[in-house]
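First, one chain by itself in structure tokens, the form predicted alone.
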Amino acid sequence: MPYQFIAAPLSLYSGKARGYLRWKNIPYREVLSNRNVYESVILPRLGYGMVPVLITPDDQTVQDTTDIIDYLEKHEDGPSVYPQGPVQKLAALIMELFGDEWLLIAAMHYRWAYNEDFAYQEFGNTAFPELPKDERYALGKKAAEKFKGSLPFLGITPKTAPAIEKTYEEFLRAFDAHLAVHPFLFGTRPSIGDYGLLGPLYAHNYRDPASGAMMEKTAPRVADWARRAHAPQHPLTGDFIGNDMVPETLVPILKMFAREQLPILQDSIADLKKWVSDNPDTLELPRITGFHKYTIGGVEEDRAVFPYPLWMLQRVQDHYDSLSSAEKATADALLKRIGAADLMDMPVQPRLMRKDFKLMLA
């Protein structure tokens, strides 16, 4: 029996995991997460609705794209998407965090600012594929309301919209310049960082028609990368750049991480500590622990504080802590250069873990 991959074409994180499954040449059968599958499979297995979900040949359930990729890295043969070079791996983990949790802002903005009707139809096509097109649209619009309604919680408002577009276009130009030299982030093999970027860049901003046209015009190499990173693959090939080198062309993107996302992570750590102090007998974390002000492109706005990115940050820090003194010295040089020296001294406390598909205090 192959793996079952329960997913949806319009789902950001489905795009991330699907690209990995295809590149790794893992036999799987994709199952559309329609209403029946949602009610009969996803809810009974997870206790809540979320895609993608991986069901293994021995009927285990794996949810969360990072957990899915790490499960398959452990249980399937073939080249790894984690660079062996300690500094390359550090940078790749940062890029996964940046894609998963920061480019999410641009992905959500462009979908609902420029692709709203397309999104409504796609929601309907996913949940109710058996119905006529106009009925799918109407029901899809109703189902999508909570996703569109989440924009202010992400800090996406009319005030921040121009800044979101400005910083996203800055990212596209920087990534396009990098891809003029290297086909993937760290050479000719995709890394975990590529797949972190793939979710927002393929499943939302390339596949959605208006933002896809903008990507083709502004950053055609990024559009080409999105197609390649998501496409069915030929036999596995490719290598990471030798000598643990982080390409010079990635420095502008890493600086963007330090400038835009790192302050949010610092605020999130402080908010986590406050939430734990206010809820001393609770181990399961809510989706939102509070609210704060964030800055994007020089524009300040209110935003919810999400603890999940701290679990992703913890992966970055755990890798850094595992390095030898000499390796840390090289990593420190990179972090200082990109403006992320604080990353070395802002541990996630208390520690977090994922248990029974939930984010918990460790």
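Fair warning: this is a prediction, and the values are worked out from it, not measured in the lab. Residue indices: 1-based, along the sequence shown.
In what follows, reference is made to the form predicted in complex with a small molecule, a form of this protein that is not presented.
Undergrad: Mind telling me which stretch in 318 to 326, 332 to 340, 63 to 71, 298 to 306 gets its heavy atoms within 4.5 Å of the small molecule in the predicted complex?
TA: Residues of 63 to 71 come within 4.5 Å of the partner.
Undergrad: Counting only non-hydrogen atoms and a 4.5 Å threshold, tell me whether Tyr13, Lys146 and Arg287 all contact the small molecule in the predicted complex.
TA: Yes, the whole trio is in contact, each within 4.5 Å by some heavy atom.
Undergrad: Give a yes/no on whether Asp208 approaches the small molecule to within 4.5 Å in the predicted complex, heavy atoms considered.
TA: No, Asp208 stays farther than 4.5 Å from the small molecule in the predicted complex.
Undergrad: Closest heavy atom of Leu54 to the small molecule in the predicted complex, within 4.5 Å or not?
TA: Leu54: no, not in contact with the small molecule in the predicted complex.
Undergrad: Within 4.5 Å, heavy atoms only: does Pro44 come near the small molecule in the predicted complex?
TA: No, no contact at 4.5 Å.
Undergrad: Can you tell me if Asp100 lies within 4.5 angstroms of the small molecule in the predicted complex, counting non-hydrogen atoms only?
TA: Yes, Asp100 sits close enough to the small molecule in the predicted complex that at least one of its heavy atoms falls within 4.5 Å.
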